[in-house]
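Shown next are two forms of a single protein chain, provided one at a time as structure tokens under the names structure 1 and structure 2.
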Structure 1
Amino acid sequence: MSEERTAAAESGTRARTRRAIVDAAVVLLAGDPTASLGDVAAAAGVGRTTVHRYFPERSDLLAAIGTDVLEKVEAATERARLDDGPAAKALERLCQEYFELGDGLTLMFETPQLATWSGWDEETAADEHFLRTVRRGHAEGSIDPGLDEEWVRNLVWALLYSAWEHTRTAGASKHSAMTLCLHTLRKAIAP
């Protein structure tokens, strides 16, 4: 095997290991924010020293989770096709896409270090696209123009959080929680 192929295989292995650690941490910390890095290592199927090699401090792991969640939000926003059809329907698709990011987004909302993470300080392309979609909904008449775009954004996040909590604490199915979320969204933003 050439040196170049060995380096590529090693970086692929490193990327998979890093991904396994971040994914395991999201699921574990969403259920137990006090879980240790040792618990994360066990959930990821790696040793504690491996976790510490990738993330020397808990804050490093949390920053990686924050970056990962923002990347997933960007991808989910693209999948929602916000420019297709009426804006109100686009927001419904967006809710469905974001709902699948429940553990990561719940963790972002509930973990103080992540809720105040500096990565939230800048408007992202996903944020701008969302606000543009609301303005389009105002113009086309599918979203109540009396609802300011920031209000609609906060409403969507509040509804999603309620849906995630409904599945976690009330034992509701994902389908039931999403149905309630979308029903409430339709009523709340209707002109």
Structure 2
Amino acid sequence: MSEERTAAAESGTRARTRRAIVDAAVVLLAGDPTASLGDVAAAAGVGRTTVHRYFPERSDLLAAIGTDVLEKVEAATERARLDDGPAAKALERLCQEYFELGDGLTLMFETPQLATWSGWDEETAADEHFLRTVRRGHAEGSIDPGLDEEWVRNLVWALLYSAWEHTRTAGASKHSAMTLCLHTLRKAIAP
């Protein structure tokens, strides 16, 4: 009973290789969604054959990436403790957590297909929690009631994406980009 299970539990080595491939793919595909599997393999430092061993088809890799990013989003959402304190402050904390997703941010933003690939067709727990928090902000008066939930969600993602791009193009530090992002968000959602 040391190993196997329904689908999980891989030998340490395999788990590590798998991670290397997924991580490399995230970075590479964020920059160029059409990158070939050969490129991914090279970036991950493994042979193309190995990539196919772990992900028989391209779509399998995409699905794995989707699941991976989703997990990170869910984890970040939990860390933000959305139910604590004023809703507006909660969204700021969420921004800081999400910002750590880095290139995963770009993928989420420009490749909504990833959503369809992996499990989450409909609303995810994180998304639902987000929208609920915005409504709480409307009720308690810390978020402009003129901005409906979906718009606030779009806004937050757009700001995060902009901030991430700002570090890549304007060469700004992650910290200063985050400061601008939070500053802008705070003013935008204030009643």
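As the structure is a prediction and not an experimental result, all values here were calculated from the model. For numbering, take structure 1's sequence and count from 1. If you superpose the two forms and keep the largest set of C-alpha atoms that fall within 1.5 Å, you have the rigid core.
- The form predicted alone appears here as structure 1.
- Positional change of E165 between structure 1 and structure 2 stays under 2 Å at the C-alpha, relative to the superposed core.
- Superposition of the core reveals a Cα shift of less than 2 Å for R132 between structure 1 and structure 2.
- Once the rigid core is overlaid between structure 1 and structure 2, R48 counts among the residues whose Cα shifts by 2 Å or more.
- Superposing the rigid core and comparing between structure 1 and structure 2 gives a CA shift of 3.2 Å at D39.
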